[in-house]
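Heads up, the chain below is alone and in the form predicted on its own; it's given as structure tokens.
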């Protein structure tokens, strides 16, 4: 489908340019030249460079939220559900490592409405994650002596730091890293050893 291809090419070109030369120093002209499209074609899908930065991150956010909803809907004991969610968020963050890196480096440059939208959606995800932790606390499997907001921050700080050290060409696969980070997190919040 050609129309989707134009939007995908523009997004891919923007991602590459934002990663190599920074969001602030990348022009719309450079993006359309790299994508091999006209400005009119780009503006048909994206109103601004701000829209492109949002689009770079939006795909990952939407996918992770969809996976969260599916995992929660499947049910199971709290620890198993939290494990599945943690593994998924690490794996998808690695799959979208360039997008996450660009976004976290540049998100402060989003317009206020876009920044509020990202913040709202991330908060929604974190709130659902916190609800899973609360369920585990209610089931007696997760410790309750540390505020849930600290537990959420503890896990997601590892996720947000991936771009600083993880390399797909490194010795660990994304699945190994996801399992290892999840195991470390769950061990730290369990009330007792398994």
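Positions refer to the first chain, counted from 1. Everything quoted here is computed from the prediction, not taken from an experiment.
What comes next is about the form predicted in complex with the DNA, which is not displayed.
When contacts are defined as a non-hydrogen atom within 4.5 Å, none of 122, 133 and 149 contacts the DNA in the predicted complex. Of the heavy atoms in residue 41, some are within 4.5 Å of the DNA in the predicted complex. The DNA is not shown here, and in the predicted complex it never comes within 4.5 Å of any heavy atom of residue 157.
Taking non-hydrogen atoms only, residue 189 never approaches the DNA to within 4.5 angstroms in the predicted complex. By the criterion of a heavy atom within 4.5 Å, residue 144 is excluded from the residues contacting the DNA in the predicted complex. A heavy atom within 4.5 Å of the DNA in the predicted complex is found for exactly one of 34, 153, 28, 63: 28.
Only one of 123-131, 43-51, 64-72, 165-173 lies within 4.5 Å of the DNA in the predicted complex by heavy atoms, and it is 43-51.
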